[in-house]
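Okay, so here's just one chain, in structure tokens, the form predicted on its own.
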Amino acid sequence: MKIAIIGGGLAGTACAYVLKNAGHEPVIFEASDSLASGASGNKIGLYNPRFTAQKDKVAEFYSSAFFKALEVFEKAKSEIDWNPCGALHLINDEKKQKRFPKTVESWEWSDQDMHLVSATEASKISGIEIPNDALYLPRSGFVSPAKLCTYYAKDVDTQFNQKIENLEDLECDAIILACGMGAKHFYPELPIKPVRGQVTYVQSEGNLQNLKCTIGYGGYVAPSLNGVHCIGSTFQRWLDHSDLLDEDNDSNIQKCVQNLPVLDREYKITDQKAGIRTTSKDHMPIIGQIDQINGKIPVFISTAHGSHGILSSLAAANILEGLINNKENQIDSVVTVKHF
């Protein structure tokens, strides 16, 4: 089948990757002149599941997404700057004190994939002094979302500077909307909202040079990539622009230092990036068939991936491939699919 994919970010390129491997002919239509031109364009992106206390359908979705992504990362390796350095998630408030132990118990991952560690153990793992106990995922880490998009779209027909106004103009067997907030152009009733986020890149210096794994604390900091660390991220539901804000850099660094006092110093900012994430009311992606054009061309959607898009976009692509190939039983056993 020839499948038109609107959008060249993580959601769109992941669909192209999965569908091409399944024997289809995906074509990416990207409104800008490059892949990952929006929120998917960060140099460093952490991949972690969305943690829940119970093993519900949200947990099943992100657990499956995590391990499926690892399979892809193993193949791509250096092409996507993959660093499976591990991730510490600090237990720095009462909610996490209650949730994380329940997560470990109910998710039933092996100790090699998830376990709790003391502040002392966390300090040894990370290479810096950690003030809190933590949830530790040894196989988590970071990739370059921008390079991951390039990897996904390898050998895929990609048409740049193509802003699609009318879906009926597309000559194809199926359509996938993977254009974030842009999906509202076609379906204004979609229950999605923009959330602005800005990350800050700083030069590796001081104790930060010793950091060996990613650390989450409500924000996050990653180990060095080519002498630069990524610190993020703001989460602004009230903003829908990608203009760079100096105060956001200050906020990112301040939050990092508040949670990791050993990193307190003046940092040289080397770069910064702001983007617009797309989210839904329940913070879960919207995945499924949304329409049918002229009674014969199905329109699917993959959007609202929020801050977990590295994992959820690939999971969504596999779900849509299942829908396109009528693998209903396989889908229902893995995740709840939203239909409109």
Ligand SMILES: Cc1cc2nc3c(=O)[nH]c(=O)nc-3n(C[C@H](O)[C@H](O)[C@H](O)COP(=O)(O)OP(=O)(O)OC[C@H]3O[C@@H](n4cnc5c(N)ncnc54)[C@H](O)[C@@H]3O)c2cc1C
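As the structure is a prediction and not an experimental result, all values here were calculated from the model. Don't overthink the numbering: it's just position in the shown sequence, from 1.
What comes next is about the form predicted together with this ligand, which does not appear here.
In the model of the complex, P26 stays away from this ligand, with no heavy atom inside 4.5 Å.
For I297, no non-hydrogen atom is located within 4.5 Å of this ligand in the model of the complex, even though that partner is not displayed.
K163 belongs to the set of residues with a heavy atom inside 4.5 Å of this ligand in the model of the complex. Taking the partner from elsewhere, S37 is found to have a heavy atom lying within 4.5 Å of this ligand in the model of the complex.
The single contact residue among A31, A59, M284, A69, judged by any heavy atom lying within 4.5 Å of this ligand in the model of the complex, is A31.
Of the candidates V199, I80, I175, L135, V199 is the one whose heavy atoms come within 4.5 Å of this ligand in the model of the complex; the others do not. With this ligand omitted here, the record of contacts in the model of the complex names 175-183 of 150-158, 120-128, 175-183, 206-214, defined by a heavy atom within 4.5 Å. Within 4.5 angstroms of this ligand in the model of the complex, the stretch 263-287 places a non-hydrogen atom from each of K273, G275, I276, R277, taken in sequence order.
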